[in-house]
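Taking the form predicted alone, here's one chain by itself in structure tokens.
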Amino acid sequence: MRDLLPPGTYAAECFGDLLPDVVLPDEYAAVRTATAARRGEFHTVRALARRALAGLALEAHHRYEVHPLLPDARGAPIWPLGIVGSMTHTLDYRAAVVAKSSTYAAIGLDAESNRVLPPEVCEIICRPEEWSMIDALSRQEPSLPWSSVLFSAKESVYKAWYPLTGAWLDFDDVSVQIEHDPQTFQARLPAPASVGQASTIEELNGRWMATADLILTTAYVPSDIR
């Protein structure tokens, strides 16, 4: 995943669930009544987040292992002061990425299964201009599921956008232009919401990669764009 991430970030990833070194009481309570599978995902991505935070701690001389990484009302993790980050899990893959808020105002990370999405899902996620883009990319590289790349890109954009604004972002609210080489994308907000510190943000940059089983994307907002 290292090549996927912009400089100044720290990340950790794994396949399957981990036995965490520590489960804080508030985190345990947050998923106490959830299924075993959900509890495994929840605690694993937080164990990975603490591994990533350990890299930042070495740089910043802070200790983050005692900060509970609780979900907010919409499930987004609440990071320690001065930190931005994102978590993701799909199939048996889990990952987390963090950075200093002085470097990035926000960062989003998403992982999806490497598969072509059903037509009914594409109808929901695609804007008109994105249909022609997917057609062109499919002719250029037919082995890649470009609909899943688009879906994941919009998910990572939302994961970066929501912590900045506290606002919902629908699939139709984002127009994504995917580049095949280099593996990047640009996400434009046709009608940027005038809320909070992100009122002037109209575009987010991102990167994507594909493995045999996964599509991975990240979107990020440099701190100096605010």
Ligand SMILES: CC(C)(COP(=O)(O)OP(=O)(O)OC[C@H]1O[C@@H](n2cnc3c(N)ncnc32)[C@H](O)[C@@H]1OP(=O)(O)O)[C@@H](O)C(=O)NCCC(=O)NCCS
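Numbers follow the displayed sequence, beginning with 1. Every value quoted in this text rests on a predicted model; they were computed, and no experiment measured them.
The discussion below concerns the form predicted together with the named molecule, not included here.
- Residue in contact with the named molecule in the predicted bound form (any heavy atom within 4.5 Å), chosen from 118, 128, 75, 142: 75.
- The named molecule in the predicted bound form is approached by residue 87, whose closest heavy atom lies within 4.5 angstroms of it.
- Under a 4.5 angstroms non-hydrogen atom cutoff, the named molecule in the predicted bound form lacks residue 180 among its neighbouring residues.
- Although the partner is absent here, residue 48 lies well away from the named molecule in the predicted bound form, with no heavy atom inside 4.5 Å.
- Contact between residue 26 and the named molecule in the predicted bound form is not found at the 4.5 Å heavy atom cutoff.
- Proximity to the named molecule in the predicted bound form holds for none of 10, 92 and 208, with the criterion being a heavy atom within 4.5 Å.
- Residues 155, 158, 159, 162, 163, 168, 169, 170, 171, 174 are the members of 155-177 with a non-hydrogen atom no more than 4.5 angstroms from the named molecule in the predicted bound form.
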